[in-house]
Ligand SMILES: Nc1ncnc2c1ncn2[C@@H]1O[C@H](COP(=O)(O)OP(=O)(O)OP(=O)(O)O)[C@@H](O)[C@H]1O
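Below, in structure tokens: the form predicted alone, a single chain.
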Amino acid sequence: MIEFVNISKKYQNHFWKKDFLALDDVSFKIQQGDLVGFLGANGAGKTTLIKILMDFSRQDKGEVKFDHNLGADQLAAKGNIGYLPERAYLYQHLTGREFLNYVGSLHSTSKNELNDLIKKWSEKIQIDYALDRQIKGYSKGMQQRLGFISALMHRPQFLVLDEPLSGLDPIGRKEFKSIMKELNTEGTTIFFSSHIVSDVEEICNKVVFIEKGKLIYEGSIDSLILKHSNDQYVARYSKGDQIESLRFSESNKNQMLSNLISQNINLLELEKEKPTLEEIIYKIKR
């Protein structure tokens, strides 16, 4: 759907200082139907790449390619993208409803469809009670919710979210992740940046990881975890009123299971040990 080809971007911080290389020959693809987590520490280059994708900034080298499924040309393709920046600017003097109507009108969404979308998403994200208040009275979390809804007002095929979970309480984070999974199940391709690895592991099928402007990994989360897994297993079983566990290697698996079964224990669970995505990313960074 979208391909980044050898993207490089430099910034000149000071006339006498060496240019800062924000992105260094970054290449990867986002396929239709993907839910991709874009990982990297603050300052890794995530927002710079997203700004290049949205044409708010221009790369020094490389190209962003849009699949014809998004539109006949780049302009049409960008009309099918929904975008939520890390710090969304909302017109504070408008009410939430007025702002969403304004955003929808920019995409020529019909009035009836716009009303339906506002009702659907404001109720789902639980901000319907505040739609007729001025935005200047909204908390940071409420403004984040409103910004998220505004990105959905034209039913985009591709959704780009820059740190969408920042500033939300635990309930809000759970709601946003649930909605992202729902949208993806309905066919929306989603690309969202985060520095919180557990959020990405929870809902994504693919991860892109950059460090200091360089691409470190692109691909399936399952494949990455499997690649860094060891040959250890953990068996959990009940013995009397106690639940106990036993750890053993692949080579000893059959013998250990036979021993447990011969003791007439109740085997509850057997699983291969695997690291979390966060542990793998930390290991790669080192």
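None of the values given here were measured: they were computed from a predicted structure. One-based numbering along the sequence shown.
Beyond the structure shown, there is the form predicted together with the ligand, which is absent from this document and is the topic of what follows.
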{"property": "Partner proximity in the model of the complex: residue 249 to the ligand, non-hydrogen atom cutoff 4.5 Å", "result": "no"}
{"property": "Contact of residue 33 with the ligand in the model of the complex (heavy atom, 4.5 Å)", "result": "no"}
{"property": "The ligand contact at residue 41 in the model of the complex, heavy atom, 4.5 Å", "result": "yes"}
{"property": "Contact flag, residue 86 vs the ligand in the model of the complex, heavy atom cut 4.5 Å", "result": "yes"}
{"property": "195, 120, 214, 173 - the one with a heavy atom within 4.5 Å of the ligand in the model of the complex", "result": "195"}
{"property": "Which of 59 to 67, 241 to 249, 220 to 228, 45 to 53 lines the interface with the ligand in the model of the complex (heavy atom within 4.5 Å)", "result": "45 to 53"}
{"property": "Site check 6, 24 and 158: each within 4.5 Å of the ligand in the model of the complex by heavy atom", "result": "no"}
{"property": "Residues in 148 to 167 with any heavy atom within 4.5 Å of the ligand in the model of the complex", "result": "163"}
